[in-house]
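Here you get one chain, nothing else, as structure tokens; it is the form predicted on its own.
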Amino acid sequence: MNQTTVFSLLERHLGSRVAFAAPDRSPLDHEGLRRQVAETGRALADLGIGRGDRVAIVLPNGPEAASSFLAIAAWVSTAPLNPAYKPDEFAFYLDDLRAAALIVAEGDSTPALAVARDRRLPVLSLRQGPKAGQFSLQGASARAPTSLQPTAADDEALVLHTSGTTSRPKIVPLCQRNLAASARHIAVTLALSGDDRCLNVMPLFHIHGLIAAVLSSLSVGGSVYCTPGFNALKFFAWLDDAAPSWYTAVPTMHQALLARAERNADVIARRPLRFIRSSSASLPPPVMLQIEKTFHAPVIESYGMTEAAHQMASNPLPPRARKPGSVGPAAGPAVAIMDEAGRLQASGVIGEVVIRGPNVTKGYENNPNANAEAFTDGWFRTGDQGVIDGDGYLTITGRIKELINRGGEKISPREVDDVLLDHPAVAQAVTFAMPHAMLGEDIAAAVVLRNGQKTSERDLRDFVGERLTAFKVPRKIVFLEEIPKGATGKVQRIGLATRLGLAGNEP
């Protein structure tokens, strides 16, 4: 059976099994989702929006954000945007995307509306239906109605931008085949079935939530409990209400939940999870072990990125081995290690992680220079540094652009993170580069202490110095109540020195 488009993944599952659930909402079954997809296609065609067009989506997290992504991606290309963007950011992204329409929630006063009006971009209002994920679209378009056409595997389905932390954000087009392949890879890795329910706390403008939580679940006839977004204070009430079999999150979210887990032990016992998934950033091994001990469930650390429609590698489910600190063997695309000259490396050799497979983008849009740098002999260069062991398990040793160059000595921030996290007083740690007049860069770290614990900068520096060579010891350690994070909950090392006032080029 053809499983190379979003539509083909969804049409296989009909009937009364729940597709979407949400707090204080009636659930929507798979048959209802199928009708929603068909109605959305007709509505878009009536507005003159058809195959090859892009539709920007600015919606709050919730079941309608999830269902509208699926229903629109089944027919045209979707471009979910962060609702928290400022007017200038919306202007940049809407101009860059050349969208055919903008979808916003009925009654929303998002600044994207004014930006769209300035550009005479048609705005469609999404009206929430009685069931979770049900909606209708209202609005007008200057275009004549078009015919409703099914998508093909190579048609664009989703377009996202890179983070742009080191350069102008690049457009990443992902085709139907890319999304369908990644959803299948995730479903196989996690042995997902129609009996599984994912508790989604990830933002639905990000590849992690869209594919790992939503599309992979629905592709096997499972369900998604859609929250309004991550909230550690409400998570355990949602866990109790949803009775999920799993959830997926970034490490900072897992750590925030651990801080509140003890007082919610009764919910954890009442709602056992089959597994917990972690992705989009490195999960420190001590945190992984603590999660498993607390939730009595295996933690499956996976490795993903936008250009691969999310998943590239993943630790397997028991009884196969999970290796703390590793992101597991290849889980979909082929994964290898390449040197700077483009030569593939043997196991045990550190180099750049490269991938190729059906879930990998064909290239950045209108950016030949970036594509020339990104692709070598058909392999996509991820920009991550790593090593593959004799068992085929990949360990990420750092982001190449995040490596700290201290007077010619290269330091992996993650190596320093892991040592700091071994200190009994440290709950969270992130190591990053700060400018230095003589060395070019030096090492800094930000830490969050465990509740009730105390330590000093000198104590932590001495602790690191006992375990790492002297040039890897942070010159500066700052104590914070919370580590600054990006919109998706990931820590962004690049630029952190400036955000924390440590970019003064110390001598």
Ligand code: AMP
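Each residue number is its position in the shown sequence, starting from 1. In this text, all values refer to a predicted model and were calculated from it rather than measured experimentally.
Form predicted together with this ligand: not shown, discussed below.
- When contacts are judged by a 4.5 Å heavy atom cut-off, Leu199 does not count as touching this ligand in the predicted complex.
- Taking non-hydrogen atoms only, Val327 approaches this ligand to within 4.5 angstroms in the predicted complex.
- In the predicted complex, this ligand sits within 4.5 Å of a heavy atom belonging to Asn405.
- Interface residue remark: His206 is counted as part of the site for this ligand in the predicted complex, having a heavy atom within 4.5 Å.
- Annotated contact segment (heavy atom within 4.5 Å of this ligand in the predicted complex): 280 to 288, selected among 355 to 363, 280 to 288, 111 to 119, 260 to 268.
- This chain is drawn without this ligand; in the predicted complex, the residue among Gly304, Pro80, Pro244, Gly332 with a heavy atom within 4.5 Å of it is Gly304.
- Interface residue among Val123, Val299, Ala100, Ile396 relative to this ligand in the predicted complex, by the heavy atom within 4.5 Å criterion: Ile396.
- In the predicted complex, the CA atoms of Asp339 and Phe471 sit farther apart than in the displayed form, by at least 3 angstroms.
- Between Ala370 and Glu402, the Cα distance is smaller in the predicted complex than in this structure, by no less than 3 angstroms.
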